[in-house]
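A lone chain, given as structure tokens: the form predicted alone.
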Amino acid sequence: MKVRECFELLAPHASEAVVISALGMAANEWWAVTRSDETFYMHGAMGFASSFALGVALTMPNPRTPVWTLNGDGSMCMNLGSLLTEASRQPDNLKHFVVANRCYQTVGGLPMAGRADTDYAAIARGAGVRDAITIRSLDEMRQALPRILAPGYLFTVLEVDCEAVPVIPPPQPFEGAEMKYRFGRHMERRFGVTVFGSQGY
């Protein structure tokens, strides 16, 4: 299945969620589907989307507000130790999606190590995650949506195609400091919290 198709199924259910996306394919495809400038796109920090999302989930003013991590398998493997921390907490409002195309798509589809044999859901379970599933088709995803959207922590591996030719949708037209302030101001407006002090940081 294609990552774009997965996100097209997920996006209509994300209106209440705070979405944190890993850099690269996950971010670009989510932007292509949603044009969401309220998502936090993890520019320049490969491997840290899940850590950032865990912190957001644990500190939400309303702990029932869903927080979604759109992670790539390359990003997750760069920071596998974060799974230990995530598994130790498993907040009920956190959904961790791993977009697993088993290659580094945005740099030309270079294959990941162990691409044929690695079981990401098993790695998560080995770290202590109680509920980890793997979805391999759009039909499976449609059937799993009630479980995905139900309250409770869930680690979901989305097995998607590695494209034969690099597919790079238009990236978000902002990054770095602008992304920080867009997301922070959105959180302040939506939840009535203070993210930035009087100095702007």
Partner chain sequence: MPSPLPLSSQTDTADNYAAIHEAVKACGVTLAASLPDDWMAPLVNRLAADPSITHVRVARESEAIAIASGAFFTGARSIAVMGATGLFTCTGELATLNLRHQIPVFLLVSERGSLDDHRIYQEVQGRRLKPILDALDFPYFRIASPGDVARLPEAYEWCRLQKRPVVAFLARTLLKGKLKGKPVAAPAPTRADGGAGAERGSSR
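Positions refer to the first chain, counted from 1. Here the structure is a predicted model, which is why all the values come from computation and not from measurement.
This next part talks about the form predicted in complex with the partner chain, which is not shown.
The listed set L138, L58, L145, I133 contains one residue whose heavy atoms approach the partner chain in the predicted complex to within 4.5 Å, identified as L58.
Contact annotation: of the candidates L54, V160, V157, A27, the single residue with a non-hydrogen atom within 4.5 angstroms of the partner chain in the predicted complex is L54. In the predicted complex, the partner chain lies farther than 4.5 Å from every heavy atom of P173.
Mapping the unseen interface onto this chain, A177 counts among the residues with a heavy atom inside 4.5 Å of the partner chain in the predicted complex. Using a 4.5 angstroms limit between non-hydrogen atoms, T85 touches the partner chain in the predicted complex. Taking non-hydrogen atoms only, V193 approaches the partner chain to within 4.5 angstroms in the predicted complex. Listed stretches are 76-84, 112-120, 94-102, 125-133; the contact stretch with the partner chain in the predicted complex is 76-84, by a heavy atom cutoff of 4.5 Å. Using a 4.5 Å cut-off on any heavy atom, the residues of 21-42 that reach the partner chain in the predicted complex are, in sequence order, F40, Y41, M42.
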